[in-house]
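Here you get one chain, nothing else, as structure tokens; it is the form predicted alone.
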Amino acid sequence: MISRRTVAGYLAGSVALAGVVLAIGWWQVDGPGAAPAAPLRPLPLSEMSFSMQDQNGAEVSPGGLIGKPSLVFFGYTFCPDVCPTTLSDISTWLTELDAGAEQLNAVFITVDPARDTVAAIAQYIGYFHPALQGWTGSKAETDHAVADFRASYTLGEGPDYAVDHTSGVFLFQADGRFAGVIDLHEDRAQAVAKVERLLQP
């Protein structure tokens, strides 16, 4: 016959085992051991609803990009490194494509509307490929654009604040569907190959 002490021991062991199993499950699903959540995909351009101004002061919207494949990059004109480097890379890709550059939209959207006026954007993109567009707007319009693209940005502090922002180049097919991202660290050959695939019928 099993004693009460033995039964109590079995019960205590079962409860302890269940606690361990639950703890492991929490660790893997919700705790520090959980896999990072998959990033949200940008909306199709046709479903975005924000509007901004381009470097000429004309009203623009993502729907106006439909009809050509598009490259879209978020940044700001006071950016010390990532932005000028990425815009130089985009300019190089467009130059390599030669006539193919005319079949693409290339758009730089500022995440620093307080400093990046239409005039500031126009001057800044003048240093890069002539096909590049620059878009700016109010903070509300900027936040709307960032949300539609599932991007992010965080303003720093102080008079010479920096802005932490999404650094990849978003790719969209001619019909406005999201086609992927060119990462900051991808080499030129891989980046150009991705852009060329956008141009394929």
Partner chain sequence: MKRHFFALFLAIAASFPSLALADQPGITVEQPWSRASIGDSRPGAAYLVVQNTGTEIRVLTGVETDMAMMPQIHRTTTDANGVSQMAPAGEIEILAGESLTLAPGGLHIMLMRLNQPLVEGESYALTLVFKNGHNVDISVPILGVAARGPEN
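Residue numbers count along the first chain shown, from 1. These numbers come from a predicted model, not from an experiment.
What follows is about the form predicted together with the partner chain, which we do not show.
A.B. asks: With the partner chain left out of view, which of Gln133, Thr166, Ser61, Ser46 would have a heavy atom within 4.5 Å of it in the predicted bound form?
C.D. replies: Comparing distances to the partner chain in the predicted bound form, the residue within 4.5 Å is Thr166.
A.B. asks: Whether Val82 contacts the partner chain in the predicted bound form should be assessed with a 4.5 Å heavy atom distance threshold; does it?
C.D. replies: Yes, Val82 is a contact residue.
A.B. asks: Does the partner chain come within 4.5 Å of any heavy atom of Thr77 in the predicted bound form?
C.D. replies: Yes, Thr77 lies within 4.5 Å of the partner chain in the predicted bound form.
A.B. asks: Is Gln123 a contact residue for the partner chain in the predicted bound form, using a 4.5 Å heavy atom cut-off?
C.D. replies: Looking in the predicted bound form, residue contacts with the partner chain include Gln123, since a heavy atom lies within 4.5 Å.
A.B. asks: So, Thr95 and the partner chain: in the predicted bound form, are they within 4.5 Å at any heavy atom pair?
C.D. replies: Flag for Thr95 set to no.
A.B. asks: Taking 4.5 angstroms as the heavy atom distance cut-off, pick the stretch from 153 to 161, 133 to 141, 63 to 71, 47 to 55 that is near the partner chain in the predicted bound form.
C.D. replies: Careful reading of the contacts points to 153 to 161.
A.B. asks: Give, in sequence order, every residue of 175 to 201 that has a heavy atom within 4.5 Å of the partner chain in the predicted bound form, or say none if there are no such residues.
C.D. replies: Residues within 4.5 Å: Leu184, His185.
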